[in-house]
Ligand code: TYD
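A single chain comes next, written as structure tokens; it is the form predicted alone.
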């Protein structure tokens, strides 16, 4: 089974609007070291196409919607994001792709680590081989 978690955030609001507060180690399960956002994608573009060796992420669709395809090297699952009050929590060693963007889609990503190119696995075959090797040698794969 592909492991991920959907985090439901507490929404505060009234007739004036809504607010979601995100806090490291409270409703985000790690210290936030980097934040970035993505927008302006065409509907059928596929973004991501990588895994991380160490980094964890919480991904929030702050506007519009998109689909995340998650893969643990054996199974794939698709998660539809369409609410700014919910975050997709992905730990390390999960291949991720996202697509099916609505025209108003804005995705914000909270990351547990600063950018480090060495943490990325950008080739799917390499990812699968690393996962298999880690399981063979009883390395902790989340």
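Residue numbers count along the first chain shown, from 1. None of the values given here were measured: they were computed from a predicted structure.
Omitted from view is the form predicted together with the named molecule, to which the following refers.
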Quiz item: In terms of non-hydrogen atoms within 4.5 angstroms, which of the given stretches 25 to 33, 78 to 86, 58 to 66, 112 to 120 touches the named molecule in the model of the complex?
Solution: 112 to 120
Quiz item: Is residue 98 close enough to touch the named molecule in the model of the complex, meaning at least one heavy atom pair within 4.5 Å?
Solution: yes
Quiz item: Within a 4.5 Å heavy atom cut-off, is residue 50 in contact with the named molecule in the model of the complex?
Solution: yes
Practice problem: Look up in the model of the complex whether residue 106 has a non-hydrogen atom within 4.5 angstroms of the named molecule, and give yes or no. | Solution: no
